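Below, in structure tokens: the form predicted alone, a single chain.
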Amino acid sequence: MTKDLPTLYHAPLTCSLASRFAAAEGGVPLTVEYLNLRTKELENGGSLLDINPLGQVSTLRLPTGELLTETATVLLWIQSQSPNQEYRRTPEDDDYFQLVRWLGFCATELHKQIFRVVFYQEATDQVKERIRGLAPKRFELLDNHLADKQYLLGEKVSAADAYLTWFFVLARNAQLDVSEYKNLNAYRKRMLERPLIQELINSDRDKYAEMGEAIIPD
């Protein structure tokens, strides 16, 4: 652990990648501690269970020693530390609660509502298909919202975009396709082509293969 830097406990390609996206885009330095999500073993020794008893990511240890969990919360903290005033939103900003809104949407409507079930090994194919059937209404909502916006909060990228972009990283693995939604698909391409995002995705895919995680369906 690097002194005076927050430590993100990170399993490659999982939701903690959204936290890495937000940190990179916001210019917030992090120490990354890799782990195998299946075994909870940390690459440098020890177990995530000793840090977060639920064994889940995102988990962030602050320089004070305080622990933050839940991806939406970690993203809020990361963006609050950004030196970029156009990236950082505070409760005094007009669009702060829109940031909270879209973080909540990504967490509940996409991450937990859809991914959590579709990637659950014990779920039957019938259950997974039923859950995939929830996606179109959510995609349509996003598509309509993005009709006159470059990003979720308008013309400037935010931590909410980091969360939604992570969803797109694994959408194909979840057998979800947004290509028929013109605005949402253009947004997806725009975000995935951002250099910092591309770099982190490629790095995570390499690390995922190196660690032999095999937790995400092909």
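Just so we're clear, the structure is a prediction, and the values are computed from it rather than from any experiment. The first residue of the shown sequence is 1; numbering continues from there.
Another form exists, predicted together with a small molecule; not displayed. Remarks below refer to it.
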Given 26-34, 176-184, 145-153, 65-73, the stretch touching the small molecule in the predicted bound form at heavy atoms within 4.5 Å is 65-73
Looking at R88, K112, R101, R138 here, can you tell me which has any non-hydrogen atom within 4.5 angstroms of the small molecule in the predicted bound form? K112
In the predicted bound form, does A18 come within 4.5 Å of the small molecule, counting heavy atoms only? no
G55: heavy atom within 4.5 Å of the small molecule in the predicted bound form? yes
Considering non-hydrogen atoms and a 4.5 Å limit, does the small molecule approach R190 in the predicted bound form? no
